[in-house]
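Single chain ahead, written as structure tokens, the form predicted on its own.
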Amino acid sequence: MKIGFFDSGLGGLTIMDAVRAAMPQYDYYYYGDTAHVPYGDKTEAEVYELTKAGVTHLFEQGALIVIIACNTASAETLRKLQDTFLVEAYPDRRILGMIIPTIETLLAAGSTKPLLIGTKRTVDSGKYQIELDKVSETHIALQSLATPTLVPYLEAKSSNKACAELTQLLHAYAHPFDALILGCTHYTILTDCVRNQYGDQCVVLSQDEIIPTKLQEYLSRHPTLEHALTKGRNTTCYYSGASHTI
């Protein structure tokens, strides 16, 4: 059985590629919902139905574990999918998200003034703060900045424009921060840009650097799942939209 990745577009490919580099022995399947990208401007109900459809496709193609490599979907629908859909339809499968591994890494970095950038839906959900409050011994106020203009640039492969836009937004941000969470898998493309600008003053948390280690730890804690994964080194990619580049 395979490790599946779901994303609203192409951003999650960076997460899958990082996992494949760390664990090349497994079989992988990627679902990019390019017909409906971006998710950041959609309702919670829309995000849930689109995510459920993508996860169902992955399970039907033999995925044992699905990683929702989309922060908007992780924030809006992950818990509901785990608690209802998974239990009723695929009780032997697993769905994992982006937020908890990122929060764990943030706490390990010792940050006290973190800043999250992400889509409007991710920021408005407050999910990062909720998960942070659950595991932090002291209250850490998470600052948040919605950056909805970045995903369209990155989907269009205009990373230079996205970098310039993000740099302008962060320069205009008035509050100090000691850690910057790139709270969208598309933003992994901007990691070097951000580190070049702010690496001396803050820790930059990029999820393509976080998820491989966290997934390895998860599999070591669940050896039954690990043993059920096939090891053929095969990768399949599926895109819901007819028009995309890769």
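Only a predicted model underlies this, so the values are computations on that prediction, with no experimental measurement involved. Residue numbers run from 1 along the displayed sequence.
There is another form of this protein, the form predicted in complex with a small molecule, and it is not shown here; the text below is about that form.
- The stretch that touches the small molecule in the predicted bound form, counting heavy atoms within 4.5 Å, is 64-72, out of 191-199, 64-72, 213-221, 48-56.
- Remark: all three candidate residues (Asp7, Gly40 and Val151) come within 4.5 Å of the small molecule in the predicted bound form, counting heavy atoms only.
- Contact annotation: Cys184 falls within 4.5 Å of the small molecule in the predicted bound form, judged by heavy atom distances.
- Among residues of the shown chain, Thr77 is not one whose heavy atoms approach the small molecule to within 4.5 Å in the predicted bound form.
- In the predicted bound form, the small molecule sits within 4.5 Å of a heavy atom belonging to Thr119.
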